[in-house]
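What follows is one chain in structure tokens, specifically the form predicted on its own.
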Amino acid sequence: MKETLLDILCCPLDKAELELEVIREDDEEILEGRLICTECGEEYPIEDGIPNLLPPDMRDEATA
């Protein structure tokens, strides 16, 4: 995921801005980290460069 993507992403629950926490990056690509909503505090993981913006209940169903 490129950091510039934050300009168009928002929390799917309340449409608030997201803050980026980078765990691992390669050049300009964020490979691992999380996006945190500035309003509700919900966390969305970034794995293999792909942000998972599914709401928490749908995320649990997707991994089952």
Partner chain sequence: MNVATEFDSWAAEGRDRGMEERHWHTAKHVLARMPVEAGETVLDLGTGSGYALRALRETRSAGQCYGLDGAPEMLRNARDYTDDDAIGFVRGDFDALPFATDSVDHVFSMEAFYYAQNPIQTLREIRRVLRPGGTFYCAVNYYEENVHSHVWQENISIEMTRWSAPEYRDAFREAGLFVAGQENVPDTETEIPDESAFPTEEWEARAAMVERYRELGTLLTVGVAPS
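Residue numbers count along the first chain shown, from 1. The structure displayed is predicted, hence computed values, not measured ones.
Omitted from view is the form predicted together with the partner chain, to which the following refers.
> So in the predicted complex, is the partner chain close enough to residue 39 to count as touching (4.5 Å, heavy atoms)?
Contact check for residue 39: no, nothing within 4.5 Å of the partner chain in the predicted complex.
> Is there a non-hydrogen atom of residue 23 within 4.5 angstroms of a non-hydrogen atom of the partner chain in the predicted complex?
Looking in the predicted complex, residue contacts with the partner chain do not include residue 23, since no heavy atom lies within 4.5 Å.
> From first to last in sequence, which residues of 1 to 22 have any non-hydrogen atom within 4.5 angstroms of the partner chain in the predicted complex?
Contacting residues: 1, 2, 4, 5, 8, 9, 10, 12, 15.
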